[in-house]
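A lone chain, given as structure tokens: the form predicted on its own.
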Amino acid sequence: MNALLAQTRMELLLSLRRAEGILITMIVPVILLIFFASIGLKPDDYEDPIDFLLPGMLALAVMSTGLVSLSIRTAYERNYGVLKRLGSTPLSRPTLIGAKILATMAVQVVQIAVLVGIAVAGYGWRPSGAFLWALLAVLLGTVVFAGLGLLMAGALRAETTLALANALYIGFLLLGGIVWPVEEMPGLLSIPARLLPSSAFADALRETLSAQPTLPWVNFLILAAWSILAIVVASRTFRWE
């Protein structure tokens, strides 16, 4: 536990030293929230665009921090030999992965606060729903995307991780239910899209944060399956160099 907490503090310090990366992951969801809310993008069964857009942008913020920022930073730490030095210490691979996920969660608290603040102050959104279930969705989503990011960073070259992380980010954004419901996508595209972690995450947040919340058990099961798969594979394949 002491090693986990010490490494978590170090990961937070390293993240703050790379403030430009955090700034980008914060700015993109904010810009998309303001843009889509300004043009009134929403499905027909939503009265207010912010009720549909805010959960999706919260999911995007979590995804951008874990899948993109964390994976790229860790991949280049491995490329520059930083992780090789850590591997010579008593720090284990699961402890390093856990510390990076905890540090990612701390950054996401700020992201969520900024997005919710904009929704409340700018668009009159009022908190409602089953917040404990929404928190569970956020925790599962964090583990999923941080696990996927660390899986890439620990097994692939830094340049490959950079390209793949950004490609997955765009793919999840366009096809993963972030800015449009998967059930309204054309043809058979909606079937595999429902199984994507981004889709399950965004839908879980929409259902738990609605005025009449429901418990999205199917989405929770999808997220749980993705989180177990990502963490187990990342722990087994993560290489220090």
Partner chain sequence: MTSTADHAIVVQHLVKSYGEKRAVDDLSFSVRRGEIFALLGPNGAGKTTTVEILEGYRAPDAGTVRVLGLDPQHDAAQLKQRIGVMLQQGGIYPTVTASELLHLFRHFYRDPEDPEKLIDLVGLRESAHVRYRQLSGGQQRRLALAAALIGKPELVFLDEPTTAMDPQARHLTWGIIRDLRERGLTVLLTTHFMEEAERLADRVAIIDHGRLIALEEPKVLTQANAEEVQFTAPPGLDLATLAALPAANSAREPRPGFYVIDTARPADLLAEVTAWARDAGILLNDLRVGHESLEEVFLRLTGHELRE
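Between two forms, the rigid core is defined as the largest C-alpha subset superposing within 1.5 Å. Positions refer to the first chain, counted from 1. Bear in mind the structure is a predicted one, so any value in this text is a computation, not a measurement.
Omitted from view is the form predicted in complex with the partner chain, to which the following refers.
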Considering the partner chain in the predicted complex, which of 162, 86, 118, 155 comes within 4.5 Å of it through any heavy atom? 86
Check whether residue 235 has any heavy atom within 4.5 Å of a heavy atom of the partner chain in the predicted complex, and answer yes or no. no
So in the predicted complex, does any heavy atom of residue 82 sit within 4.5 Å of the partner chain? yes
Does the partner chain come within 4.5 Å of any heavy atom of residue 91 in the predicted complex? yes
With the partner left out here, check for me: in the predicted complex, does some heavy atom of residue 228 sit within 4.5 Å of the partner chain? no
Counting only heavy atoms and a 4.5 Å cut-off, does the partner chain in the predicted complex sit next to every one of 7, 14 and 17? yes
If contact means a heavy atom within 4.5 Å, which one of 74-82, 162-170, 109-117, 140-148 is the stretch that engages the partner chain in the predicted complex? 74-82
I want to check residue 12: does it shift between this form and the one not shown by 2 Å or more at the Cα, with the core superposed? yes
